[in-house]
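Next comes just one chain, in structure tokens: the form predicted alone.
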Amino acid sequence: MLRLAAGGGAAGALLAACGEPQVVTVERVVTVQVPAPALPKGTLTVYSGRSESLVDPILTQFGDISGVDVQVKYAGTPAMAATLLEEGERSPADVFYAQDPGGLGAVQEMLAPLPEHILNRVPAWARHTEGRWVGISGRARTVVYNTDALSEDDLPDDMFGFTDPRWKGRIGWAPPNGSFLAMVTGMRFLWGEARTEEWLTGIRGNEPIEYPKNTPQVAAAAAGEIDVGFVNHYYLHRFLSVEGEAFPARNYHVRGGGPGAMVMVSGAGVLSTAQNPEAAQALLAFLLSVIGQRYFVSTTFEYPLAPEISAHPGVTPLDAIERPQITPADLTDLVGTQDLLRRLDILP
């Protein structure tokens, strides 16, 4: 077998991620170095609906390795999707990196089909059915709770239990957050509009404290400002990595399953109007490479989507969560969810 290698180290990993393995079979076994395909060049503009604190280090690493000038614009996923729709074909964006499938679904007609070597890095459930975007990492919805005030036995079997009046004044939530919107979209799919509206009305009647995003909810739960918050799983683990096991908050994956136990993907796509599509595809390949996936496991504590990478040992295994039967395609009606929340005066 004659095996063609593109080099080693981080640059080699990026090159390997950017294209198909180069292997030719002949009568004898020998390994030789051959010229590698050129690294992408130029400027890459990324519209990120993921927070800067979570993804800036890995985007910076891609720029350092590749030499591409990576320019990132940060905002919430719903706001970034709205910006893309407003800009249309005039958008300077090459890549849209979204917190959830809802944001990607809102702009999917603006995204170009991705090559199979990128799409095939993840399972079928974690990518767009027509290949317009690909999942980068997995995130589980969960309930963070104050361990000084509660144990898991004190928590209801499913999310509807939090509409009980005994939770009045004890709940935190973040209605503008993309992951919260995705969860409500999942409720609409699994429960229907009427029961979802009943849940939202019941929670609002319990006078929840509103937060702008997930991180302050976890901090508030630990401080006793709230007893429970509706968040994604990995925020707690970021606190635990700094504060240690004495940090007085933990995650509860609702034992009865349903939309409160959803596992969602963050994902990214390349704009059909991208000025630098080669660098855009190289970025997605890099995020799904061993380097990228290990970053999400070890630094952000998210679930890897590449099959050869294991989740962080401190994170609840996916097979221990009573996940509902729901796909990313079922979470794309972001507009319908926002309309419902506005009608109930939960969003402005």
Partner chain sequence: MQLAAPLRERRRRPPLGLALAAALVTALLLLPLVYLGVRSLESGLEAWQSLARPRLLAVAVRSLTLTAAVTAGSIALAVPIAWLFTRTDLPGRRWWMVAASLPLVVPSYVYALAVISALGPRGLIQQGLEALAGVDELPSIYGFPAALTSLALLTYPYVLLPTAAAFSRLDPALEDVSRTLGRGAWRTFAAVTLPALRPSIAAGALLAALYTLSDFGAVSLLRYETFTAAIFVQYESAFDRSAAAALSLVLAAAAVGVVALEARTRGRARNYQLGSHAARTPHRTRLGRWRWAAMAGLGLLVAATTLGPGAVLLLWLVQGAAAGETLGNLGAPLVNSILIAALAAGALLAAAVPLGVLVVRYPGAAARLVERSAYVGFALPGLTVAIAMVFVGVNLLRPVYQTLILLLLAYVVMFLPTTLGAVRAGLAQVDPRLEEAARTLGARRRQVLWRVTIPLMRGSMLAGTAMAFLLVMKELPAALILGPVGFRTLATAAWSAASEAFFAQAAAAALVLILVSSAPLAFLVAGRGGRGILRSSD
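Keep in mind that what you see is a predicted model, and the values were worked out from it rather than measured. Under this definition, the rigid core comprises the largest set of C-alpha atoms superposing within 1.5 Å between the forms. Positions refer to the first chain, counted from 1.
One more form of this protein should be noted, the form predicted in complex with the partner chain, which is absent from this view; the next part is about it.
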| query | finding |
| --- | --- |
| The partner chain contact in the predicted bound form: L119, any heavy atom under 4.5 Å | no |
| The partner chain contact in the predicted bound form: V72, any heavy atom under 4.5 Å | yes |
| Close approach of N177 to the partner chain in the predicted bound form, 4.5 Å, heavy atom | yes |
| Interface membership of Y47, the partner chain in the predicted bound form, 4.5 Å heavy atom rule | yes |
| The partner chain in the predicted bound form reached by all of E210, V335 and R342, non-hydrogen atom within 4.5 Å | yes |
| Heavy atom within 4.5 Å of the partner chain in the predicted bound form - the one residue of V95, V144, L181, V265 that qualifies | L181 |
| In the predicted bound form, the residue from G269, G102, G229, G260 that sits within 4.5 Å of the partner chain by heavy atoms | G102 |
| Segment assignment from 202-210, 127-135, 156-164, 250-258: heavy atom within 4.5 Å of the partner chain in the predicted bound form | 202-210 |
| Interface residues of 68-85 toward the partner chain, as seen in the predicted bound form [heavy atoms, 4.5 Å] | Q71, V72, K73, Y74, A75, G76, T77, P78, A79, A81, A82, T83, L85 |
| L190 C-alpha shift between the shown form and the other one of 2 Å or more, rigid core reference | no |
| C-alpha of S91 off by 2 Å or more between the shown form and the other one on rigid core | yes |
